[in-house]
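Let's start with one chain on its own, the form predicted on its own, as structure tokens.
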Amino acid sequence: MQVSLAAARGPEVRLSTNKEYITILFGIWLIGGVFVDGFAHNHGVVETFFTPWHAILYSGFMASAIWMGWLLYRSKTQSGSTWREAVPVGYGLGLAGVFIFLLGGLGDMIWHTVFGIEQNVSALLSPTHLVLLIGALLILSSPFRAGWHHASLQKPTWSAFTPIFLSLVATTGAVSFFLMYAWAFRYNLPASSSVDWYAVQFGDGGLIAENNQLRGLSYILIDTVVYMFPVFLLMKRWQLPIGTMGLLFALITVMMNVLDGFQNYPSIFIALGAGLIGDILYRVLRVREGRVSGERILAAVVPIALWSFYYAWMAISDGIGWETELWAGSIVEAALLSMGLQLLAAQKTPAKG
């Protein structure tokens, strides 16, 4: 008589929704410290490793680490199983992330002592900061992984879906943080004022103008991936509660606005509007019922709405400095990229013979 591997390892340890809420609460503390520290780096107020900004970041980490360690210990003592079997579903990589983050933090302290304090883009490329990113991603995504492996959770209500959703928001926020140098709403390179400023500073030479156009196009495409990939990931696994996309887009954009003191706050409403259009299409096109054609239309329309709103706001507030073919083409290109992502995300795993 054969025994399955899952049965041999014993029953799965699954956390209650209330415990998932506590996990994500500490995760928000951690990611909040990341963005506050990022604001400090961007504005030159960090002088040593021991700052209030680092205190928020590392206290959030410690709270997350202690909580996840306690969950493991409690599971172990109650079940009498091995440490490996006692790991709650979705939390194995999160516990590994605790150790990775700890190593990154110790390395970061040494790095700052030896090489000084980084600012701007150099802070994002610091090796120790990238190690911290890996650890944070594994910690923050734990409730998302737990929900992904919850077979009975197909049509979640917001009460059950919130920890999963906020886990994905926090994880996406951490990725966006390390891509802040490619966040289109920070630089607004297509705006007339930006184009004119570069012309005054560097002359009307075509090389500078072309480089900025390439930068702007790259930012739009990168940000399209940042916004749309989480949407496709969610749709692949769950039937989404109402308002999911609007809230997702808005929260990601709010976090990115922290870095510059909400100087570009209109971007929040632009992202919210595009996300709400996605929510409407999700229901009108019956995507939640598994209509692939509806998902493909959504994949094209949402980035079209996002960047159309972006250029419309720019035209009203500042003026568009790019040629029509360029800014209109960037919208089409973003839509095509999104549709390509959807095609990849929608692929089913082939059945084993």
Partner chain sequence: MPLHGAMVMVTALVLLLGGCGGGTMNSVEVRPPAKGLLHYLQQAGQMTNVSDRGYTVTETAEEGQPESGKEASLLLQVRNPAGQPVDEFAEDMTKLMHLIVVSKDLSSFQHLHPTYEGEGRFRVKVTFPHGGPFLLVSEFMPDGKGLTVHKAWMNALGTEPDPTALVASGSEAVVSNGIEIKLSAMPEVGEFKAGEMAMLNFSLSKAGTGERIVLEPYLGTFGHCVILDENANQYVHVHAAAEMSTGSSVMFHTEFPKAGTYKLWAQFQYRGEVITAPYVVRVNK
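Numbering follows the first chain given and starts at 1. What you see is a predicted model, and the numbers here were worked out from it, not measured in a lab.
Here the subject shifts to the form predicted in complex with the partner chain, a form of this protein not shown in this document.
Judged against the partner chain in the model of the complex with a 4.5 angstroms heavy atom cut-off, the residues Y198, V258 and I270 are in contact without exception. The listed set I280, L103, I134, L179 contains one residue whose heavy atoms approach the partner chain in the model of the complex to within 4.5 Å, identified as I280. Checking Y187, F99, W158, F229 for any heavy atom within 4.5 Å of the partner chain in the model of the complex turns up a single hit: Y187. Heavy atoms within 4.5 Å of the partner chain in the model of the complex belong, among the stretches 307-315, 291-299, 59-67, 323-331, to residues of 307-315. The shortest heavy atom separation between T162 and the partner chain in the model of the complex exceeds 4.5 Å.
Using a 4.5 angstroms limit between non-hydrogen atoms, F35 touches the partner chain in the model of the complex.
When the partner chain is considered in the model of the complex, F26 lies well away from it, no heavy atom lying within 4.5 Å. In the model of the complex, the partner chain sits within 4.5 Å of a heavy atom of S194. With contact defined as any non-hydrogen atom lying within 4.5 angstroms of the partner chain in the model of the complex, I242 is the only contacting residue in 223-244.
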